[in-house]
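Next up is one chain by itself, shown in structure tokens, the form predicted alone.
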């Protein structure tokens, strides 16, 4: 039976590579993109490209209507923004902070609320793209306050969702892709996009119920909260 993956933020970077790889492996890929007409130009043929803005409850609801009650084997919450690039401790402005938190925290929460039951019915996986920068224990600098806070909060969303949907049959995890050469990661990053996604897919393929609520990097290492 063909498996189905819904990828939020599939128009570039990690989300695009997820879509390319899963489509190549014969999955049904639903690609949620803020600008679907543009994204169709570089997503593989056969991918179901749908409009999705995770900061808009109406947009998430419209996609939920499109998918109806179809089971989802995998939900990847990848959409997000970096926010202000501060090199030292600096409180961001209200608008900048709101933008980061709405995209990186409320976005995955809305997606999981909208599609968690679809995943649970399939006994599938909900994966939230987090970051080691959201680990309180491993934080050793004072930069990127808004982004770090948003990823720490997204990790809490994962733990809450694991408590809700784990007993229903889903496995909910936070993933750290590594420092990847994307628009967000920059040219000096240590990992290529395909290398990161290869690792993350191996992690996703190897998950079991015992991993529900875990924080895992692309190499399979468990990360501290």
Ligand SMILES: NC(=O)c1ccc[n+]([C@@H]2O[C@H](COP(=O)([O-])OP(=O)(O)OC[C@H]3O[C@@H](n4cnc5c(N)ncnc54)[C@H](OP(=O)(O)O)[C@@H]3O)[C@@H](O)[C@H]2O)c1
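All values reported here derive from a predicted model rather than from experimental measurement. Residue numbers count along the first chain shown, from 1.
Another form exists, predicted together with the named molecule; not displayed. Remarks below refer to it.
Notebook entry, point to check: Counting only non-hydrogen atoms, which stretch in 137-145, 90-98, 77-85, 117-125 is within 4.5 Å of the named molecule in the model of the complex?
Noted result: Partner-contacting stretch among the options: 77-85.
Check: Taking 55, 176 and 179 as the candidate spot, are all three within 4.5 angstroms of the named molecule in the model of the complex by heavy atoms?
Finding: Yes, each of 55, 176 and 179 comes within 4.5 Å of the named molecule in the model of the complex.
Margin query: Looking at 20, 14, 216, 204 here, can you tell me which has any non-hydrogen atom within 4.5 angstroms of the named molecule in the model of the complex?
Written below: Among 20, 14, 216, 204, a heavy atom within 4.5 Å of the named molecule in the model of the complex occurs only for 14.
Next item on the list: Sort through 72, 129, 112, 105 and report the residue having a heavy atom within 4.5 Å of the named molecule in the model of the complex.
Entry: Contact residue from the list: 129.
Margin query: Taking any heavy atom pair closer than or equal to 4.5 Å as contact, tell me whether residue 34 reaches the named molecule in the model of the complex.
Written below: Result yes; residue 34 sits at the interface with the named molecule in the model of the complex.
Checklist line | Partner contacts for 60-75, taking the named molecule in the model of the complex and a 4.5 Å heavy atom cut-off | finding: The stretch 60-75, when checked against the named molecule in the model of the complex, contributes no residue at the 4.5 Å heavy-atom cut-off.
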